[in-house]
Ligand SMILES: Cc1cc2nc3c(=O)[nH]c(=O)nc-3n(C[C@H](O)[C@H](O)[C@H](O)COP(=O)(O)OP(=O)(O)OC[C@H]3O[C@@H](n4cnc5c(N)ncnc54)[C@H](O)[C@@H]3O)c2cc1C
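Only one chain comes next, encoded as structure tokens, the form predicted alone.
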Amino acid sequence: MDIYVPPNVAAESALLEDYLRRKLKGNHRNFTDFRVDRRSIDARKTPVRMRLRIELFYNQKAPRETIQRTYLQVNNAPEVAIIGMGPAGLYTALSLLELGIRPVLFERGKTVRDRRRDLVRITRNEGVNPDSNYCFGEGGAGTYSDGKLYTRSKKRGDIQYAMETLVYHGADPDILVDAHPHIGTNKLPGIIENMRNTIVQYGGEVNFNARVTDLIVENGQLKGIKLGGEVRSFERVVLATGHSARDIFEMLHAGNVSLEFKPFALGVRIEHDQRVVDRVQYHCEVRDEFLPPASYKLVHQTHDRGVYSFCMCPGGVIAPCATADGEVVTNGWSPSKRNNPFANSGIVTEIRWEDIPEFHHHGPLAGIAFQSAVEQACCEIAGGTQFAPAQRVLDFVEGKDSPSLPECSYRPGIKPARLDQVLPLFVVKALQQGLRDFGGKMNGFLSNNALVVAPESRTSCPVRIPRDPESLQHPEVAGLFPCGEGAGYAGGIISAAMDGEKIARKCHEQMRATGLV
């Protein structure tokens, strides 16, 4: 049954049980227990209510559900190499364990704990380690950039399996109930470590500081990989390197392995006082203590170009996500409690092939070249460090200078700049129009008390690595399985995880057909 209750009732089990008994009015005398199967916020009108999907139990207690996984010992099993330990790579490995295949993982970066030192160095303006940063290292970009678990996929069974795997490895079971589940950057590292421990416990192999420098291909068949001077032989390699592994795309392009340009998005990070968002979304002056910090999702169509919010982080922080010195990249994250005083979101617009003719000579890497040019220009205008260029929102829309800036969560720090002089003109015009529209939808959104910080440039991968829809292998390299967000087949933690599971099943299917398993 679906019910609508005040936030405090939804938060307290005893109050919820009392509400249910009063609602049932004695017509269900043998009602003995209940379970919340789904939870969401209904903020369409005042007062804000929680919508709960309740399962009722009669003459029994609600059964305690335990999540089971059957991982097999694979010490002597046939091997599949996995390049990259983000969600796509980790889920490929865990799924291979269930299928009796030994995963051998190669991660260019450090362990999830050791990455922290390099993240601190970035925030202190002490330089960017190109192999260990917000994008590279155990867990991939998602580990230290929020852990939102949204996906547009309609494959509910696969989504549930991916979510349950997180719970099995230590995530709060509430992610199976919440309509918009979130783990939090502070909690993800422990979950990622547990996943790695599972892989090693059942016979998988994990290699850190292991940057793959080339593929060995003979007559269209993959034979192995190179890690500097070391060669490892594999006939099946899952390429799950994430959206920022530009050296991998360059390596493939140099080796005449086909790639494709893929439309992507670019723009800015916008940051408000969280109380502004709460006031608008919850129709109140002060947010109810039992409600989480409010979020938003905004879309505007200007002529033939869309502008939209991306990766909205209530109670969050803007993070420095460059992967090399000489560039500035922003993203956002929230801790599990979302208790920081600011709310931030990407505000981005689509970048198409026809938008960037001056980069067409880069072929399928045109989008990467365009991204790099914007990131380097933002770095230069902000002083050549990890400081980011920023502007008050209304000043940006009206094309005015911002001599001073309000407080911002971005560390290392921000510098005043005219973003219309550093971002491409077509991007600026689309963002300005979109922000005007958003200001009409949300009172206080278009305000000089808010900031835009540039650039938000790594929303998705600007390259697609083609793969055969049936075999899921690259059409020119047998045994090469492009996977996840970096290959152009996912757009977040859960969709990347689901793609990893899909690749693992396909590897097993092919290996079983040839008698290997």
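Please read all numbers here as calculations on a predicted model, not as lab measurements. For every residue, the number given is its place in the sequence shown, counted from 1.
Just so you know, the form predicted together with this ligand exists too; it's not on screen, but the next bit is about it.
**Study point:** Selected contact from Val268, Leu96, Met85, Val238, since only one has a non-hydrogen atom within 4.5 angstroms of this ligand in the model of the complex
**Key:** The residue in contact is Met85.
**Study point:** Heavy atom within 4.5 Å of this ligand in the model of the complex - residue from Val104, Ala382, Ala77, Ile248
**Key:** That would be Ile248.
Point to revise | this ligand contact in the model of the complex: Gly486, any heavy atom under 4.5 Å | key: Heavy-atom contact with this ligand at 4.5 Å: present for Gly486.
**Study point:** Partner proximity in the model of the complex: Phe342 to this ligand, non-hydrogen atom cutoff 4.5 Å
**Key:** No, Phe342 sits far enough from this ligand in the model of the complex that none of its heavy atoms falls within 4.5 Å.
Practice item. Spell out, yes or no, whether the shortest heavy atom distance between Ile503 and this ligand in the model of the complex is within 4.5 Å. Key: No, Ile503 stays farther than 4.5 Å from this ligand in the model of the complex.
Review point. Can you check whether Gly346 is within 4.5 Å of this ligand in the model of the complex, heavy atom basis?
Key: Contact with this ligand, no.
Review point. Can you say which of 58-66, 38-46, 445-453, 488-496 gets within 4.5 Å of this ligand in the model of the complex, counting heavy atoms only?
Key: Heavy-atom contact with the partner occurs in 488-496.
Review point. Using a 4.5 Å cut-off on heavy atoms, what residues in 210-229 are near this ligand in the model of the complex?
Key: Stretch hits, in order: Ala210, Arg211, Val212.
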